[in-house]
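Here are two versions of the same chain, shown separately as structure tokens and labelled structure 1 and structure 2.
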Structure 1
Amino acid sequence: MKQHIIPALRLTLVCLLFFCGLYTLLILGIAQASPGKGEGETILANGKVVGYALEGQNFSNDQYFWSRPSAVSYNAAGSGGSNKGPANPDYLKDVTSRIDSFLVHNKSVSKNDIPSELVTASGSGLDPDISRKAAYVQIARIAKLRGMTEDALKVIVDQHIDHPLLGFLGTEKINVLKLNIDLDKTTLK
């Protein structure tokens, strides 16, 4: 029995030292090297914190790019999806309502051209990013309201595309808050 207990206790002690000590210090060191020093990347506008890079926000004004819908009303404390399946009547009602609303505000867009991410909530309910297609489909509305050309607005969108890590890990994405802040800086001078 002694031959089994002593090695088990040693392994337990080694694991405690590694996972509670060394591993924790390693992760803390990596966090200190990241933007925001492990506290999250804050986004500033006019010297004030207006949001966080990993937290979506609700934009409903037609002069701004809209974010992905949130199942938790953009409440970071209650992050989560709706857990409703694609055949759930409540889910279908929500998506249909979002499609109808999007079409009312974007008259030049057809129903088939709406990217699914603009009418379905993400798993966390806090997705801060949209795709290039989701941004492009909103350009006509925003350019008209801001008195810009669509080409000028497309240039601003293209400047905010975050490409996949190492060129192939992940997808292209655009942080909506950063895009809208720069849009205001460009057009509200």
Structure 2
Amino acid sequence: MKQHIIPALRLTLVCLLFFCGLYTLLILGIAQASPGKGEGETILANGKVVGYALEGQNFSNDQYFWSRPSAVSYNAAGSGGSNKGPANPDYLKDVTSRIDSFLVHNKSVSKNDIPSELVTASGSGLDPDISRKAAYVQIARIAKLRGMTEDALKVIVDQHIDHPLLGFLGTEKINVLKLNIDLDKTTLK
């Protein structure tokens, strides 16, 4: 043990200086050239920061496309999921009440058109996206409240679809924050 303790101490110190120091500074330096300079990219609307590009935020107002339910109320300083088991009775009650509330706010929608992601909580509680179906199912409600035709609104939604990576990898999605900012812009015109 004696012959190993000195190298162990010295080596730990070298590793500490190298990885917590040099390596970290190197990555920090490269970050200055990246979008947002490593501080997180923000999104502006009317010249003000209204959010971070990556983080989802709460949209529950009927005039906006709703984001997904969040187990942490979209607290971007405390992420997390519900961690509810798939057959937990309390959990199924929560989902049922979200379905009922969705149907109250979207009178023209029938129950089997609601995609599950709109009534289930995401893993991070900060999911920035919804699927195409989840956006379409909200069009009737928003078009009516904003005095637009459903077709005009669908055009806006379609512009915001992020296709799978390179066209063939992964999911299709819509960033709710960007869609809603665009929606505000269009309606104000």
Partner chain sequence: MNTEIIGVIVMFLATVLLAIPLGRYMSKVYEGQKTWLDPVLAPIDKLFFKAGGIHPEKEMNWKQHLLALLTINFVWALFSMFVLMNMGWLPLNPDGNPSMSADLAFNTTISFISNTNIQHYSGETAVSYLGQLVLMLFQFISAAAGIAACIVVFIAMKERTTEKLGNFYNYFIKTCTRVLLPLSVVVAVILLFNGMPMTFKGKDHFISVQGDTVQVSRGPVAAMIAIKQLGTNGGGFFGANSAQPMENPNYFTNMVENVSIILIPITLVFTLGNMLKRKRLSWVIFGVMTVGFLIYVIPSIYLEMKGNPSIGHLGISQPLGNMEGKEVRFGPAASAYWGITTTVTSNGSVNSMHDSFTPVTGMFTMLGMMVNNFYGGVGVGFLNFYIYIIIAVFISGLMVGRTPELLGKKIEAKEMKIATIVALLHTFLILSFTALAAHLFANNPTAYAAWLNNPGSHGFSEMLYEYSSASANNGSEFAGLSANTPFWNITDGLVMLLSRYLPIIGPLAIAGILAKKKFVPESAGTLKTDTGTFGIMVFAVIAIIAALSFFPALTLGPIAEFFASK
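Rigid core here is just the name for the largest C-alpha set that superposes within 1.5 Å across the two forms. On a predicted model such as this, the values are computed, not experimentally measured, just so you know. All residue numbers here refer to structure 1's sequence, counted from 1.
For the form predicted on its own, the corresponding chain is the one labelled structure 1. The listed options are 39, 79, 26, 96, and the one placed at a hinge of the rigid-part motion between the two structures is 39. A two-part rigid-body description fits the chain between the two structures; in it the smaller part is rotated by 30 degrees against the larger. We note a C-alpha movement of 2.8 Å at residue 35 between the two structures, with the rigid core held in register.
Comparison between the two structures places the CA of residue 10 13.9 angstrom away from its other position, after core fitting.
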